[in-house]
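Next comes just one chain, in structure tokens: the form predicted on its own.
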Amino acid sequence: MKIIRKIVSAFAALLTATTLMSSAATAASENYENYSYDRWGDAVPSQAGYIADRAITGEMMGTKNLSEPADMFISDDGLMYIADKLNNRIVVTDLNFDAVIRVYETFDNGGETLTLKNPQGVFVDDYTGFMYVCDTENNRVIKCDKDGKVDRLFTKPDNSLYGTEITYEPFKVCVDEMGNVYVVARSVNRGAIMFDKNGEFLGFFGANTVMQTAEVIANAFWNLISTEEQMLRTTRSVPVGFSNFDIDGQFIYTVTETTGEQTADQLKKLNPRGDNVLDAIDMAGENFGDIMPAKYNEFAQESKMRDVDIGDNGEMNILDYEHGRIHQFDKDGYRLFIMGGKGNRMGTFTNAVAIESHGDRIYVLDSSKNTITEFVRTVFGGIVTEAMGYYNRAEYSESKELWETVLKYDGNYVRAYVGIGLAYLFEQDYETALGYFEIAISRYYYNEAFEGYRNAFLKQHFTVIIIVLAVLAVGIYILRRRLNKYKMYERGI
């Protein structure tokens, strides 16, 4: 096993040197650095998984330019819905972006005409075809059909559980398979506001937690001995509200602009009960943005997550508006690619606010540039995506050759070592699998491979082990008898 580790490590070092040269050539054609993180958490040059192809304006779509667009959504039929905030409209276009399909500026509410005021969220229920619009400054969510006829309005809940003192400014919305509606509103830190399909308020869903930092514990202690007047003057420790979310079947993915030590809820994957299933794979509390400090890139500020999108293969595309970057992870939380950056050039952003994906493309909305940037998957990205497809179908052996090809592009690509290790684990070659998992520093899979290696060793040498144990037992028995006789002889018995 040590020999295998040495060979693989030497192979990785050689490939890394080659990668550094090829990455430099690729980066020359991009307006941002192509990098990732190695197994020690250091930023290193990497191959691009996606490249920025074009920036789309409202004029290119055949309408007036966007004005501080706040959100976008791609429906199953390949249409993009854009919440054009300051133009007070929803723009619908296809993904060629050469023509506007429809513009929603007014809605028919049973004869009453409704107009939008700074809409900041849009969602289309692909099961029913209904569109949901966060009419933010009118304090409502509009549910309408494709003709703009209002089916229902979701307004501030008239319920003591919600509280009369809490405002209702909805800015993000999504809907599950059962028709339940989830709304993220400003100043609400109890989670998403949840309604049933008839508009009945059901409560709050998936609230963030307050991490038990030294400051939080100290505040709790002083509150125990403080007067009521003193308590009113102290800073209260409350959870941070969601920034955005996405839904994929039965799971809702949420992102939060966590700061300082409060990183536990940066990304959550919530089941219908509101439990974060990332806890089960030890990914809760991981850093899904840039890792600080980094040798290859220096980051003055921590990542702040603004949006999350779930791709066709379950990959999680997380938008960091602080650095203008997209961090892509697989469904188990392994980092795949990083793209984008801060700036005014193609592929960089000044205020990235929303992200969507469709097929081999990723779209990022910039509310300052008033553009949508389209990223296209590269050949390298396609190989990784194909390998991930096999992984998602538990066809690990079929993916091994693809992961080996990935390492030829990038010898530091941690996910490839995990993929190859899983192939050997599936083939019950536990010793080889251990070498790859050790390189990837994958404790979870290393433990699985070690357990398999141990069980296989015991099974293969069971007879020998039993004989050795029996011989040892007999030997110990004989030795003890001889010792007892010797002691008796010494005592003259």
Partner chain sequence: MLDINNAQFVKHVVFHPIEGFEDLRWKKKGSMLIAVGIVVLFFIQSIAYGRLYGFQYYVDYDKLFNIVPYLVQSVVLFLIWVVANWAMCTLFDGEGSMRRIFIYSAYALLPYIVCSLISTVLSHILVQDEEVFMTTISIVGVVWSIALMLSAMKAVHQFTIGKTLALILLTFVAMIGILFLLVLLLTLFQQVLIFLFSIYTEITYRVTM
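All of these numbers come straight from a predicted model, not from anything done at the bench. Positions refer to the first chain, counted from 1.
In what follows, reference is made to the form predicted in complex with its partner chain, a form of this protein that is not presented.
Remark: none of the three candidate residues (30, 35 and 417) comes within 4.5 Å of its partner chain in the predicted bound form, counting heavy atoms only. Only one of 51, 465, 441, 60 lies close to its partner chain in the predicted bound form, with a heavy atom inside 4.5 Å, and it is 441. Checking 68, 427, 42, 431 against its partner chain in the predicted bound form, a heavy atom within 4.5 Å turns up for just one residue: 42. Its partner chain is not drawn, but in the predicted bound form it has no heavy atom within 4.5 Å of residue 457. Using a 4.5 Å cut-off on any heavy atom, the residues of 443 to 460 that reach its partner chain in the predicted bound form are, in sequence order, 443, 446, 447, 450, 451, 454.
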